Each structure stands twice: as C-alpha cells, then as structure tokens.
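Below sits a lone chain in structure tokens, taken as the form predicted on its own.
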Amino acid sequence: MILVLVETDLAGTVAEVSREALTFGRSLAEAGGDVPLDAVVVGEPAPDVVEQLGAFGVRDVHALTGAAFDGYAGAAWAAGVLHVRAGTGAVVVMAAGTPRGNEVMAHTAARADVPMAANVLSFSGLAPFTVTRQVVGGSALEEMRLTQRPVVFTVAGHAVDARPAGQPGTANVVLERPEIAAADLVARVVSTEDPEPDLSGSLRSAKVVVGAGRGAGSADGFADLLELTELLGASLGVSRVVTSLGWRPHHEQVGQTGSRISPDLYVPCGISGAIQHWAGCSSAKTILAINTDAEAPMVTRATYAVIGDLHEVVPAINAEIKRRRAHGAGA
C-alpha cells in the first residue's frame, strides 16, 4: 500500500504539490499491480478535500486528530504518519518535497531506521526500488536504490503534472488519534503571522515568477520589474543579495534559504544564478533569463536567454505586451 502525506493550502483545498505527489504515488501503485493509495491529512478534512482526494484515486483518508495536531510539529506529524503506517502496513510512505514534507519524512525515516530520498523526479524499478532525484541544488541527478521497508521519499515540485485518476472513486475518512509524546512537541509552531502579500498570491504556488537580482541596481530599480510582474499576473521573487541589501522584503527571496518555487515560467532578471539561488528555482518548467553576462550560470542553464541590460530589455517587453493587448493580440 502507498501512503501519501497531503498538505492543504490557505483556501482549504489540496495543495498543488500534494496533488503532484498523489499522481506520482498513483503511478507507483499502478506499477505495483494496482495496490491501494491512501492519504494522511492533519485534522478532520472538509468534505471538499475528501472529494478531491477521491478524485485522485485515494481509497482511505487517515485524519490525524487531537490537540497535538492543532499546530505544526514535525516530530508529532511523523509519529502520526508512522501510527497510520503501522495500522495499514504501507510499504511506501511519501510526501511532496515542501519544507514540511521534507522535515516530516526525515523524522519518519529516522524513526523507522531506513534511508530517505529527497526531491525524487522518477522511479525506474520496484525490486529493488530505484529512484532518480535532484542533488546539489538541482544541478545534478542521482540514482538511488531503497532496499529497506518502508520506502520513504519526497517528490520534487513539478516532477509530474497533477492529474486526477481515470476512474475517480469515493474516499473514506478514517479518524486517527495517535498518542503523541511530549518530546515530540518540544519544537512546534506556537503562533503564525500573515506575511506581506505577494503581488498575486503565494510565491511557492505561482505559475509565473519574475525574478530580480543585483542587476536591479538599487531599491528604486524595481519599477519596470514590478510592471512586468503585474502584466504577467506573476509573483516577484528576488535573490538573497537583494534582501541582504534591504531592497526587498525577505518573504520574496527565492533560494536555499528562501522559497523553493516550481512555476511554469521563471523570468530571472539580473540574477547571476549562484547555486544557492538555483536550489530554489531549478524546478521551473521554463526559464527565460535576462542578463548582461552571457556566461552567467543562470544564462547557461536557462531554456532561453536575452543578453542585455534588464533596464532596457524589461521596458521593451512591457511595451510590447501592452501594445499587443491594446490591439487584441494577446501577450
């Protein structure tokens, strides 16, 4: 049986990255001879969530309930996942490669005394179970064999497209109330604050992201970039140096110490592409880099590149988008 930890977003729906993980898990279940696919959620799920999970082929939704799950605690969530695993006999335990997914699966693997594979892109064998995963911030791929049970891993963002099951079913809700030790609640979220809003929603879930680096020049050099962001209905993401210099707030940072994004389109402008930044954007489906340096790492790794000063290129792009829209030609 395949067991997937599922996260929900602020709107109370199944997060896109978890839909991708469910799709990956379902393909694994089908390859194993149509074994069951179950989900673990924290808290009693809303009917809409249960319906969505059923549409993705989930058989049972195991809801972790009790005071220990009122807030996020990685160790407690892992204890809950292992409680469900013990009751179901799941041979695979997995999650989306989000900060929480990676932390909970790391705790899960450590407690089960098995290895964990993070940021998996695909699997190529079941006996032994063999996966290909991103390493070194996505700049290299590694083949890894997981011979112990349970198999524990996380799925990289955009490793697969989220796709409902061909024959969706009706998921059953199973309320779980595992006993959680006090030690598992030592590190936990005790309060949350709403971040300053992105220009158009969550940076991590944005389909289009416009990136800005040192090439912006100063805190006053973002006007054209912000206009492009608005024209594309995108979110703005910046490099670490931009936040370190105080030009933009930290919640916009993309990279190893910021947000990891996986948009359909990423437009990094004036970003050299250091490995720390690449770790946060390597899952983008298409990258269009704008940079004066044709040898910059971001340019050499990009799908497409425009060599030029962003303060000349971006205004030209903005003008063309507005011209086309004014003539009804789209953008």
Ligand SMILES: Cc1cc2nc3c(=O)[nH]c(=O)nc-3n(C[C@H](O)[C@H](O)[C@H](O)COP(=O)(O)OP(=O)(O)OC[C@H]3O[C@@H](n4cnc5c(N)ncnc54)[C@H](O)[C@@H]3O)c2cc1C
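Here the structure is a predicted model, which is why all the values come from computation and not from measurement. Whichever C-alpha set is largest while still superposing within 1.5 Å between the two forms counts as the rigid core. Numbering starts at 1 and follows the sequence shown.
The discussion below concerns the form predicted in complex with the ligand, not included here.
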Exercise. Applying a 4.5 Å heavy atom distance criterion, does Val254 contact the ligand in the predicted bound form?
Worked result: yes
Exercise. Quick one: is Val50 in contact with the ligand in the predicted bound form, heavy atoms, 4.5 Å cut-off?
Worked result: no
For this session: Using the partner position in the predicted bound form, report whether Gly101 sits within 4.5 Å of the ligand, counting heavy atoms only.
Result: no
For this session: Please run the contact check for Thr303 against the ligand in the predicted bound form: heavy atoms, 4.5 angstroms, yes or no?
Result: no
Seminar exercise, completed: Only one of 29-37, 291-299, 63-71, 42-50 sits within 4.5 Å of the ligand in the predicted bound form by heavy atom distance, namely 291-299
Exercise. Among the candidate residues Leu226, Val241, Ala110, Leu185, which is the single one with a non-hydrogen atom no more than 4.5 Å from the ligand in the predicted bound form?
Worked result: Val241
Exercise. Is it true that Gly213, Gly270 and Gly308 each have at least one non-hydrogen atom within 4.5 Å of the ligand in the predicted bound form?
Worked result: yes
Exercise. Has the Cα of Thr130 moved 2 Å or more between this form and the one not shown, judged after a core fit?
Worked result: no
For this session: Take the rigid core as the frame of reference and indicate whether the C-alpha of Gly57 shifts by 2 Å or more between this form and the one not shown.
Result: no
Problem set entry | C-alpha of Ser27 moved at least 2 Å between this form and the one not shown on rigid core | no
Seminar exercise, completed: Taking the shown form as reference, the Cα pair Cys281 and Asn119 shifts by 3 Å or more in the predicted bound form and sits farther
Seminar exercise, completed: Checking the C-alpha spacing of Cys281 and Phe153, a student should find that in the predicted bound form it changes by 3 angstroms or more, with the atoms farther
